[in-house]
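Just the one chain here, laid out as structure tokens, in the form predicted alone.
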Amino acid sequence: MSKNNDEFSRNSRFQRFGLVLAIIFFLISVVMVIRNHGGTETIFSPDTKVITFAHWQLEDGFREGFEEAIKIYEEEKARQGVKVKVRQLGIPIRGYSQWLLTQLIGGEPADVLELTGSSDIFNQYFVTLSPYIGERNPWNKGTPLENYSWRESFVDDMLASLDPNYSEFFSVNLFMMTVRVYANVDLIRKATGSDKMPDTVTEWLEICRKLREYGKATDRPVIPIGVRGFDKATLSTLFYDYNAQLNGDLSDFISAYGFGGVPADAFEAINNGTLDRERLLDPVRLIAEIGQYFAEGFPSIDLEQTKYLFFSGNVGFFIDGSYNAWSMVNNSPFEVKVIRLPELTAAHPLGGHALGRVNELGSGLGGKFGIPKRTKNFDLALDFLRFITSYRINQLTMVEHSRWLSSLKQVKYEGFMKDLEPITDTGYTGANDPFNNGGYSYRRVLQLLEKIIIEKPSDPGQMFWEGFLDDRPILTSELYETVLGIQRTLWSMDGSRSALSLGGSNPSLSEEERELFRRRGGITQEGVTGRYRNLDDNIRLMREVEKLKREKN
């Protein structure tokens, strides 16, 4: 009997414990529901509208800046007689893509979202902003951008926001990024006896050589150039920039249009003997030379590890985006100088035909934010999107709090941020990398560069060329899938064009509505034309890649 009582007592305790847990979980759920709907003041004020602003930007200053901006927005709307509660939601980047898709498919996403993913996702789930970008941003009243349209207020006239596959604007950009070199002035001074920063590649390589010698002489683990090796971001940056400096003029003569040369043009020129393939391989040789000053085992070093090594005083130069500038300057226990990526000149053996630095104006815009179709408060979400891309608020959030470059025109910068401003004193823009023709080829190019730096072949260019040709079967397969995707998009767009043409002929429409149909139809027609050219380019590329030879003619 005593045994049965003990069992009954234990079961009762477990039941009570389970009941307590259920109550705790219920209370937590209630709290989260209240929080997700704007707090208790919203629950008890049903006429208050709630919108959610979600992103993955967890860097210093970003969330704090938007907390201040949100407070201003809520106060301004209250003065207009509109009760609004904006909830900011920051999601770590590692899980953001999955979270975003879950939100979109689930049907109750945040009202203003940072975009990531494919054009098909944007087209299926996000509102096109094309009808609104020609209007003025009302939040710019009384600022230098007051008389600009929303589109014209951006440094690139919103070109970075245009989705090339659907010829639509699904988003707007909040900030601009440039690539800079962060230099440990104290370490460089000790190694070279001078604090003069390198302006050319030749000077840079000489300082790197002295940094390595200094490390050996002092038995110190000095790394001349710190890199983001794990995600290969540094290799990508170097290859893009120096390819542009060496080959930015190719479009002038390999393209039938005299501009905007595509990979098919470059390989066709090689096959018909009008272009020396060595020009395309010179950037590889330069990266191989620079890469000898990376750390041993650099492919496994990620961003945070490199920043730690830099802060510890063991890295001379670190190449990264302007989004890390405040962290690098503010957290380093030594003087940090922000410089441009050194220029390739005739002083270097490969620099005989180099063009100099590339124009950065309008490039590097990031932070794409859009509005999902399932938002319950579209007008308010659009108003908030305009608010955070207005002259005063964008400077508050991006410049004052985050220490990032703004995506807007006529913004003034001070202090170290002036060193981050885009290069505008050159006429050359970024050049297409003919070896980058899709996700697979992009990864393989970086893997080949990595392999060349590690193995140190006698001719890095030839090794790269042979590796590229070895990948032709997979590259061709990827290009074929791209062609099929373009064809599917063309069929869809042709249907949209027909629908817009038919819709615009409706006699019940106002002249303003007819103009909107004509404008949208024109944009769609431009997209159709561009895709047919893109289709031809990819088919030509498959044909020309197959003709490439391993040895020079």
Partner chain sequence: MFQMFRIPVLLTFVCGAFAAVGSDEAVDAIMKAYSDMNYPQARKLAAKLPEHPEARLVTALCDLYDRTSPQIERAQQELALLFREESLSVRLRSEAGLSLARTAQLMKERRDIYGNAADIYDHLALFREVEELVPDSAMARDAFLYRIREELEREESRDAAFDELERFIVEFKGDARLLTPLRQMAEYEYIRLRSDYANAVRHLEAACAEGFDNPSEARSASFRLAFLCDRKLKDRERGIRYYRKFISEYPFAALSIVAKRFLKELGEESVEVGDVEEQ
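This is a predicted model, so every value here is computed, not measured. Note that the rigid core is defined as the largest set of C-alphas that superpose within 1.5 Å between two forms. Positions refer to the first chain, counted from 1.
One more form of this protein, predicted together with its partner chain, exists but is not displayed; see below.
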property: Contact segment among 431 to 439, 364 to 372, 176 to 184, 145 to 153, judged by heavy atoms lying within 4.5 Å of its partner chain in the predicted bound form; result: 145 to 153
property: Residue among K409, K85, H353, K451 with a heavy atom within 4.5 Å of its partner chain in the predicted bound form; result: K409
property: Position in contact with its partner chain when the complex is considered in the predicted bound form, options N359, Q395, T237, T200, heavy atoms within 4.5 Å; result: N359
property: In the predicted bound form, T48 touching its partner chain (heavy atom, 4.5 Å); result: no
property: F298, heavy atom within 4.5 angstroms of its partner chain in the predicted bound form; result: no
property: G503 within 4.5 Å of its partner chain in the predicted bound form, heavy atoms; result: yes
property: Touches its partner chain in the predicted bound form: L58 (any heavy atom, 4.5 Å); result: no
property: Residues from 466 to 493 in contact with its partner chain (non-hydrogen atom within 4.5 Å) in the predicted bound form; result: Y480, L484, Q487, R488, L490, W491, S492
property: Core-aligned C-alpha movement of G61 between the shown form and the other one reaching 2 Å; result: no
property: Rigid-core frame, C-alpha of L500, shift of 2 angstroms or more between the shown form and the other one; result: yes
